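Here we start with a single chain on its own, the form predicted alone, put down as structure tokens.
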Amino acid sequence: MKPFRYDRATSPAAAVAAVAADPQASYLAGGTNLVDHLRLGLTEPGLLVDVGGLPLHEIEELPDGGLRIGAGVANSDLAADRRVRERYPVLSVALLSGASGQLRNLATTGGNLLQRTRCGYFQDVTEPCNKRAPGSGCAALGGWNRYHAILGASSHCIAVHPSDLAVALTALDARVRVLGVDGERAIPIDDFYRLPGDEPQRDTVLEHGDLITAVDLPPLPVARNSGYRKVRDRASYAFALVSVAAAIRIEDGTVADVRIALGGVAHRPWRAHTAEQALHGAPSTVEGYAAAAARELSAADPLPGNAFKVPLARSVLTSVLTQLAEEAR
């Protein structure tokens, strides 16, 4: 491992100043993703700025009835919070679907959003990977791509984002609060992540030095009837082949409100806008849910190794919406 300097930040502003001033600096919180990358040789920071001791560990009520989740809140604490379980159950279930109990005790809200892909070619420094080494190529395109993207990919990268939390937050219209050298701003999570395009090395719209300080959840009555389903190769401690986060409200047999996000299918959590538009105001029927899912997946461009994801995503989305609609009644 390459030697690096270590600094423990005393305030969010001091952390931002330290990282922004050094192009080789990185933030360290729980370290559940970063430490793996250090060991694998995927990253070699010259400076690590520890933000774990900053006062970003609270879950607070917002004046409008929403919640503010500090970037340092541990995944286990967030999943167990009574307000989250009652008002945003999709978030709690998604968190409990990810990693192990030990990792959830360390992993933070901000760090979870910034975790890198688990593409095997990205994690193997002997293989070409445009995300790790821009311009080197994408070995997954002609290699093993069972876990890879079927939506929004490019000829430069077909990796998927691994976070369960981010999928749930995308369905909930969360806003990511960021502190940078020019001050604080709030970014809608649907604008926070990027598709790969010709710059797959950039996962988000963040600039170097930007620090996530919190995530805001809006007051969202429909979220009380929400759920998360994750399909994976083994029952635990595995990343999603396909996952669905959804919330739905039914009035007089009609879909009055619906929010859907998919995981395991794209470079970012995939907000299913096409399916949502098809369902708003439509009758609440299994056939309607299946048709909306099919419309969303009509843009899929799978490879031979992951073509199964298209019918799988369609079936899981239909099943989740059907179950939530039944529970709503």
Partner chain sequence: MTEPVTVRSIGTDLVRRDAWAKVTGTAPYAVEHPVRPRAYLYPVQATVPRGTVTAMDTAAAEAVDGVLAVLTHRNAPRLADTSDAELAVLQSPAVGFAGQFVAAVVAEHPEIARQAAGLVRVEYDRMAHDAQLDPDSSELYAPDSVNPSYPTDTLDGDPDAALAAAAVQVRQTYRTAMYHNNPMEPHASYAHWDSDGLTVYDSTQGVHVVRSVLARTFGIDAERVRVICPYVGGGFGSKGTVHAHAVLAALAARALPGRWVRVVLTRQQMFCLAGYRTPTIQRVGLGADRSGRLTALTMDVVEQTSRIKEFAEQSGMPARTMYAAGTRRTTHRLAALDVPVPSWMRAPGECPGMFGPEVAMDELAVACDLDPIELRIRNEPDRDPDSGLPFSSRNLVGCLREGADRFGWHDRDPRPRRMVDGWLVGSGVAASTYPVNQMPGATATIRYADEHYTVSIGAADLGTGAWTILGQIAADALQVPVEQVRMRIGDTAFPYASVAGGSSGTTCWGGAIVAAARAFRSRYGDRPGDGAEAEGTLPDNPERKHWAMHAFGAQFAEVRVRPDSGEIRVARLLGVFACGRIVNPRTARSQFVGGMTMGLSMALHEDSVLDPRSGRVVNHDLAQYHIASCADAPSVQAYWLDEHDPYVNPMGSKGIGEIGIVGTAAAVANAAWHATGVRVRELPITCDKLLG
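Model, not experiment: these values are computed from the prediction. Residue numbers count along the first chain shown, from 1.
Unshown form predicted in complex with the partner chain; subsequent notes refer to it.
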Indicate whether the candidate residues 57, 221 and 251 are all in contact with the partner chain in the predicted bound form, with contact defined as any heavy atom within 4.5 Å. no
Can you pick the one in 185, 202, 146, 85 that has a heavy atom within 4.5 Å of the partner chain in the predicted bound form? 146
Using heavy atoms only and a 4.5 Å cut-off, determine which of 229, 175, 156, 116 is in contact with the partner chain in the predicted bound form. 229
Are any of the heavy atoms in residue 233 no more than 4.5 Å from a heavy atom of the partner chain in the predicted bound form? yes
Considering non-hydrogen atoms and a 4.5 Å limit, does the partner chain approach residue 319 in the predicted bound form? yes
If we define contact as a non-hydrogen atom of the residue within 4.5 angstroms of the partner, is residue 93 a contact of the partner chain in the predicted bound form? no
Should residue 2 be counted as a contact of the partner chain in the predicted bound form, where contact means heavy atoms within 4.5 Å? yes
Counting only heavy atoms and a 4.5 Å cutoff, which of 120 to 128, 164 to 172, 76 to 84, 187 to 195 contacts the partner chain in the predicted bound form? 120 to 128
Would you give me the residues of 26 to 62 that have any heavy atom within 4.5 Å of the partner chain in the predicted bound form, in order from first to last? 39, 40
